[in-house]
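First, one chain by itself in structure tokens, the form predicted on its own.
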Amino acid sequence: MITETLNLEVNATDQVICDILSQAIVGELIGMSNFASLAESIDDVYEKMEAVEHANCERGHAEGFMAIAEKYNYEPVINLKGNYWDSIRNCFLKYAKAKDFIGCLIIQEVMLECFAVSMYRDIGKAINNEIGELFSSISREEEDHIEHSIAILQEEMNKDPLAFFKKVETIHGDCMTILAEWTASTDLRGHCGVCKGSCMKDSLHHININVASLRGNALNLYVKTLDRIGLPGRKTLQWIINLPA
């Protein structure tokens, strides 16, 4: 009986790690696609080259997660049309097609990267093996994307603070609402299309974390990044409070 219980626990732990790897791989491939689209939306040669470099970086991260999944005999689900990820991609494309470089930067290098950096960091601490070490390593690399955006966005805000504030507020409503639904306590849109079985949120306790802490830490980094850009904290905090939970 004890052996059976331990086997079930091991299987549950493997399943949640596999689901986490699935989400990470899809997220990195969406990021790769976004940076590739961003390269097409801008005319500045140096920013264009940087976008291509970042796209290649995301590709490398996806390959790293795929390789370690194979090493541990996990079979991740790689579904770019999953409920939430497809919505995020379409949200980004709306701004890319409008050649809105700043809008694209806010989505990819602030909103998505804040979630990636924070969640990878937390997962890296929770998984005590080389899979965790990989998450921690990629988290540190993704921080460079956030840093890249801050100076550019500070400069943009200084041109017209009110217009910039309204722009970020609109994009927050478009994109962060999707991320908030994805990390809500229940699946507000139904199954994500990436987890193999039921939602992995219900199984995160097998690696001693929970979706509330993952979400809270990600949103905290997001607010701190907006603060660094120069947006008023009393306003951005209200944005967070109004997100789906």
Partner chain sequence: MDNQPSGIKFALIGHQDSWEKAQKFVNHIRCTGNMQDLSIDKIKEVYTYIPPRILFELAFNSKKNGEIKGAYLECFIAPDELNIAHLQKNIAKVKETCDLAAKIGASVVSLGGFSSIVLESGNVALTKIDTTNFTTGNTLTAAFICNSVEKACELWDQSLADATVLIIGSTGDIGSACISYFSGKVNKMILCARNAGPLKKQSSELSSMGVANSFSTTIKEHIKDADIIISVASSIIAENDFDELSEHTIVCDAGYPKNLQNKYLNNHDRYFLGGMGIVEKGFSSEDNIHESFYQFPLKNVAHGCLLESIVLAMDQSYCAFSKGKGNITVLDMERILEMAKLHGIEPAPLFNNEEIIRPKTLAF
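Numbering follows the first chain given and starts at 1. No experiment lies behind these values; they were computed from the predicted model shown.
Keep in mind the form predicted together with the partner chain is missing from the figure; the text below concerns it.
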Report task. May I ask you to choose, among N208, N56, S198, S185, the residue with a heavy atom within 4.5 Å of the partner chain in the model of the complex? Result -> S185
Report summary line: the partner chain in the model of the complex has a heavy atom of only one listed residue within 4.5 Å, and of A51, L219, L29, A69 that residue is L219
Query raised in the report: Any idea which of 75-83, 160-168, 147-155, 134-142 reaches within 4.5 Å of the partner chain in the model of the complex, heavy atoms considered?
Result: 160-168
**Report entry** 4.5 Å heavy atom contact, L21 and the partner chain in the model of the complex
**Finding:** no
Query raised in the report: Should I25 be classed as touching the partner chain in the model of the complex when contacts are defined as heavy atoms within 4.5 Å?
Result: no
**Report entry** Contact of R215 with the partner chain in the model of the complex (heavy atom, 4.5 Å)
**Finding:** yes
Report task. Consider L231 of the chain shown here, and say whether it contacts the partner chain in the model of the complex, taking contact as heavy atoms within 4.5 Å. Result -> yes
Report task. May I ask you to list the residues of 224-245 that have any heavy atom within 4.5 angstroms of the partner chain in the model of the complex, in sequence order? Result -> K224, D227, G230, L231, P232, G233, R234, T236, L237, Q238, I241, N242, L243, A245
